[in-house]
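What follows is one chain in structure tokens, specifically the form predicted alone.
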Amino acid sequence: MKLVKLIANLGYGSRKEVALMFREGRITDPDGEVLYADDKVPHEHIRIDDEPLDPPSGIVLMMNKPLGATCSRKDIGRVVYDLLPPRYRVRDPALSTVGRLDRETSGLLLFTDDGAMLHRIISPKSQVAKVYEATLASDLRGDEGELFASGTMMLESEKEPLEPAVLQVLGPRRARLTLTEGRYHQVRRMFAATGNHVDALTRVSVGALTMDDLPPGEWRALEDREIARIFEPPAQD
């Protein structure tokens, strides 16, 4: 792929704007030598205004989604794309969230521009575990773990029972729930079906991938070894 098209596809500007960047000498190699549009240079050796070029297509990003942001491009109010550099909105292929977290749910959110990777993560056949920690309005009854693990639990308006889920009690009103599917507001609806209400909800891991110390609102690209962890079982405390 020619450099002008490559850089334009990463959202740095139109092809005309990128061509102007070349003429202005803003695109260089790591040693500061000016590059030209017809040069053949490895992706990792390209700099724009002395900054490394964004990762190529096929990326997976991890974000610690803060409360109040929605997983949308067009929603009124704060959206998760506002937390990324503006050029990430116009990458080609487009960057999409891998599933969604609602406005009042925080925690680990993934993005990718790789359609096959997105499908592999969210497909029920992959059985990728998503782990949530919930703070509840009322004490747990004591039978939630058995109900959630039964594989027969039905949610209102659903036609198929839920896949078995694992509940770990962290306190009278705190619990960790591991799911292998992602139905609409699933965790909140599961606890609502037991007569309880989720006051706070955070996704803490996808597979064996965790956020570590990533602050709320921050993000970073994942390395191949980290992407592989998405498809491994989550760590057990």
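A residue's number is simply how far along the shown sequence it sits, counting from 1. Keep in mind that this is a model prediction, so the values were computed, not measured.
One more form of this protein should be noted, the form predicted together with a small molecule, which is absent from this view; the next part is about it.
**Q** Tell me, yes or no, whether T105 is in contact with the small molecule in the predicted bound form, where a contact means a heavy atom of each within 4.5 Å.
**A** So T105 counts as contacting the small molecule.
**Q** Though only this chain appears here, would M211 touch the small molecule in the predicted bound form if you measure heavy atom gaps against 4.5 Å?
**A** It does not: once the small molecule is placed as it appears in the predicted bound form, M211 has no heavy atom within 4.5 Å of it.
**Q** Hey, in the predicted bound form, does H197 get a heavy atom within 4.5 angstroms of the small molecule?
**A** No, no contact at 4.5 Å.
**Q** L201: heavy atom within 4.5 Å of the small molecule in the predicted bound form?
**A** L201 belongs to the contact set for the small molecule.
**Q** Given the stretches 55-63, 39-47, 178-186, 24-32, which is the single one in contact with the small molecule in the predicted bound form, using a heavy atom cutoff of 4.5 Å?
**A** That would be stretch 178-186.
**Q** Note which of L101, V80, A129, A134 lies within 4.5 Å of the small molecule in the predicted bound form, where distance is taken over heavy atoms; exactly one does.
**A** Selected residue: L101.
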